[in-house]
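A single chain comes next, written as structure tokens; it is the form predicted on its own.
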């Protein structure tokens, strides 16, 4: 067996902007509601961290291929603040002059046409809009601060501002949602002709208000059969509108797949800036403290911001690459895995992999290990066996 080869690959750059108007009851991402008083200090701290990370030897040797501003709700910051951060990243990191996918997440009712114009001129070329639903009753139930009309207006404003790569996020399996309601949201969303569509099933994350309410029997959720029907309907309508499924929850027009997220799913390297953000390079994973005030204090004092540092063994990195790669509809290139890690999937997993293949949950097609149509709805179960 040949030894693993060096695989520099692309470098993703993520900036976490954890501020939002209100904390959604299902959200377990690190975010702060209503603390815009901390924004100025946080931006200063982000700039300090960016300078520090840009000076590390392993950042200067790789070109940045994607930049992603996520949150929280980045669009509650002033457009000039977001533009300034983007300009800073371009100065500090090896960012090519062209061809870099540069995404900003926005929520309806937090951004107007003029702000979108400014963001587009600043260099953002992809916008991801957190719509979640186009039913006002459901939006209220999940704690969103916008209406369906706000969402439609934001999409149209983004197009008028010149965004030719526009994605919508929608959720299904919501409390009180049924298949007919989900169909209406899908049809209305697809009528807006998005280039990318993310369809996420509601997950009850530990510690969230929704998880506590569900445990107390206070949250009426669709049953498993209806959730599976919602997933199938999402695929049917999205593909019927010309968006192909390239990942378990994501659909896109050809050429509009989210390259930043594909880098994650392929277990590539990335730099994360901000409180709670993660950086990963060749098995070394660094996680910043998930506390804006502590993050700012540490950077101001010249102290490390990491709350956790992990060095994965080659075997752990191999398994992680398999599990994340199976999220992609094309699956994982087995020869590429062996070239990258010097390990063979069939030998490593042995009877476990053979059983999943025999059960028809996984298949090998054109040298790639992938979930089958039968395995996709059971993806979490399959992946748990391969971790």
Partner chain sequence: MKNIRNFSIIAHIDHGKSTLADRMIQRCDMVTDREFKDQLLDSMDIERERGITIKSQTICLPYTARDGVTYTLNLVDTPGHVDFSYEVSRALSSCEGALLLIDAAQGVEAQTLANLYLAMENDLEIIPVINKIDLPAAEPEKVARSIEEDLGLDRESIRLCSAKTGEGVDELLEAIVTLLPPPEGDPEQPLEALIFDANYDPYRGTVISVRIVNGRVRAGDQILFMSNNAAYRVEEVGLFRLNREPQKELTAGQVGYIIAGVKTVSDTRPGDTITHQQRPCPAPLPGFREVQQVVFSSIYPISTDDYEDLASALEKLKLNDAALTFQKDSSAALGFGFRCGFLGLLHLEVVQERLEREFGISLILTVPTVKYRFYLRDNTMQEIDNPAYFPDPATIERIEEPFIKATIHIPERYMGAVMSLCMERRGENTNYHYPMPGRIEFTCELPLAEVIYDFYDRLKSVTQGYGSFDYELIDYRPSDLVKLDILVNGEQVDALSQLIHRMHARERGLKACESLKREIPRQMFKIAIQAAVGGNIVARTNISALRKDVTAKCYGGDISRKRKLLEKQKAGKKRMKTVGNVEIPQRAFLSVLKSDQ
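Numbering follows the first chain given and starts at 1. Only a predicted model underlies this, so the values are computations on that prediction, with no experimental measurement involved.
Just so it is clear, the following notes concern the form predicted in complex with its partner chain, a form of the same protein that is not shown.
Undergrad: With its partner chain left out here, work out from 74-82, 94-102, 185-193, 220-228 which stretch has heavy atoms within 4.5 Å of it in the predicted bound form.
TA: Only one stretch passes the 4.5 Å heavy-atom test: 220-228.
Undergrad: Looking at the partner-bound form in the predicted bound form, is residue 270 within 4.5 Å of its partner chain by any heavy atom?
TA: Heavy-atom contact with its partner chain at 4.5 Å: present for residue 270.
Undergrad: Please tell me whether any heavy atom belonging to residue 165 falls inside 4.5 Å of a heavy atom of its partner chain, as the geometry stands in the predicted bound form.
TA: No, no contact at 4.5 Å.
Undergrad: Residue 253 near its partner chain in the predicted bound form, any heavy atom under 4.5 Å?
TA: It does not: once its partner chain is placed as it appears in the predicted bound form, residue 253 has no heavy atom within 4.5 Å of it.
Undergrad: At 4.5 Å between heavy atoms, is residue 320 in contact with its partner chain in the predicted bound form?
TA: Judged by the heavy-atom cut-off of 4.5 Å, residue 320 is in contact with its partner chain in the predicted bound form.
Undergrad: Each of 37, 49 and 307 within 4.5 Å of its partner chain in the predicted bound form, by any heavy atom, yes or no?
TA: Result no, not one residue of the spot touches its partner chain.
Undergrad: So its partner chain isn't shown here. In the predicted bound form, which residue out of 289, 134, 278, 86 has a non-hydrogen atom within 4.5 Å of it?
TA: It is 278 that has a heavy atom within 4.5 Å of the partner.
Undergrad: Since exactly one of 259, 113, 285, 244 fits, which has a heavy atom within 4.5 Å of its partner chain in the predicted bound form?
TA: That would be 285.
Undergrad: Heavy atom within 4.5 Å of its partner chain in the predicted bound form: which residues of 362-387 qualify?
TA: Read in sequence order, the residues that approach its partner chain (within 4.5 Å, in the predicted bound form) are 376, 377, 378, 379, 380, 381, 383, 384, 385, 387.
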